[in-house]
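Shown here is one chain on its own, the form predicted alone, set out as structure tokens.
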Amino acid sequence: MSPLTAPAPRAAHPPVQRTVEVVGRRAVDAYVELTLSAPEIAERAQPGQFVAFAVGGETSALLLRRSIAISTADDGLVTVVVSAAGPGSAWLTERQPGDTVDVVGPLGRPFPDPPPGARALLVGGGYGAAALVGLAARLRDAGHEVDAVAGAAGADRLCSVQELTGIAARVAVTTDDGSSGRRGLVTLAVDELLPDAGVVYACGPMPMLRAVADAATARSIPSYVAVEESMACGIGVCMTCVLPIVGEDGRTRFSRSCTEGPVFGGDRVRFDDVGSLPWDVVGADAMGVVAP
């Protein structure tokens, strides 16, 4: 068995809470891209981290923040891509230039640097691809060759293809229905590009992350996945975003996606056991769970 992928590093800078101005809004097919004037967050942010928005306005009953991955952070500006999945995120997509929002960030652990000289393969599913744009630019600027795969259910659910095309040496597009690029899952393109990769980074739905991580692990290629778990508080208090993660000692613990993640080594996530209580997780014996 090959050694486990090294854990993601801790963030270099602590987060801040600020009320910031929306200075740009752009429809991107099924999503909305917001640009925020947030210099203190932008200067601290690293690819893979996220921000948490207060939603609904001052009199709203929506108490929990909405956590959204950072797409880019540069020159005092932070961009995020939002999918209107519920009342909170729908409220965010309705913000216009000149509006202000309360935001905390950057939060979470970022993507680690690749091995020296390694070619990187970036894989994004749906709007998860937005979280890879800043990473792609950072890797290219550091002298790494970058390939990218963007996949979605259909053409209207693709995201950041144009941005990735301007950065990566090769970009492959797949859609489940064949409405853009190749018909099929992202693994079609991943399997073709993996032989050239020295490291894999991915962000998107959990089934996609599992398939990409499994493919990389089968070739003994390190992979890092930014999980899309619901993060109710974003700061590690509520414990709603825990996942079973294998630690450096080989034992499994429930780790919080918002603080120990959202970036994990792909071979450290026990995808089969997400949503369950494995018998061998640390502390399971105290809860009366017995080995099968």
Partner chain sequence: MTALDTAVDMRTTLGSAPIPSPVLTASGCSAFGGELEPFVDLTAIGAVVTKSVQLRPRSGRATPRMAETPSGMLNSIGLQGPGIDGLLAEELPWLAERGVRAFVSIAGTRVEDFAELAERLRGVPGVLGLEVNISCPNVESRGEVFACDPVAASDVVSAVRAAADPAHPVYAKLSPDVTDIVSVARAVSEAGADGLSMINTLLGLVIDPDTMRPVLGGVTGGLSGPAIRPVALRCVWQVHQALPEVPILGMGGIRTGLDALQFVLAGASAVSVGTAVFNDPSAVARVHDELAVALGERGFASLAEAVGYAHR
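Bear in mind the structure is a predicted one, so any value in this text is a computation, not a measurement. Positions refer to the first chain, counted from 1.
Another form exists, predicted together with the partner chain; not displayed. Remarks below refer to it.
Peer 1: Taking the partner chain in the predicted complex, would Ala12, Pro39 and Arg210 all count as contacting it (heavy atom within 4.5 Å)?
Peer 2: So, no: the whole triplet misses the partner chain.
Peer 1: Does the partner chain get within 4.5 angstroms of any non-hydrogen atom of Ile235 in the predicted complex?
Peer 2: Yes, Ile235 sits close enough to the partner chain in the predicted complex that at least one of its heavy atoms falls within 4.5 Å.
Peer 1: Even though the partner isn't displayed, in the predicted complex is Glu228 close enough to the partner chain, meaning a heavy atom within 4.5 Å?
Peer 2: Flag for Glu228 set to no.
Peer 1: Even though the partner isn't displayed, in the predicted complex is Val28 close enough to the partner chain, meaning a heavy atom within 4.5 Å?
Peer 2: No.
Peer 1: Please check if Gly283 has a heavy atom lying within 4.5 Å of any heavy atom of the partner chain in the predicted complex.
Peer 2: Gly283: yes, in contact with the partner chain in the predicted complex.
Peer 1: What stretch, of 220 to 228, 28 to 36, 236 to 244, 263 to 271, brings heavy atoms to within 4.5 Å of the partner chain in the predicted complex?
Peer 2: Careful reading of the contacts points to 236 to 244.
Peer 1: With the partner left out here, which residues of 65 to 96 have a non-hydrogen atom within 4.5 Å of the partner chain in the predicted complex?
Peer 2: Contacts from 65 to 96: Arg65, Arg66.
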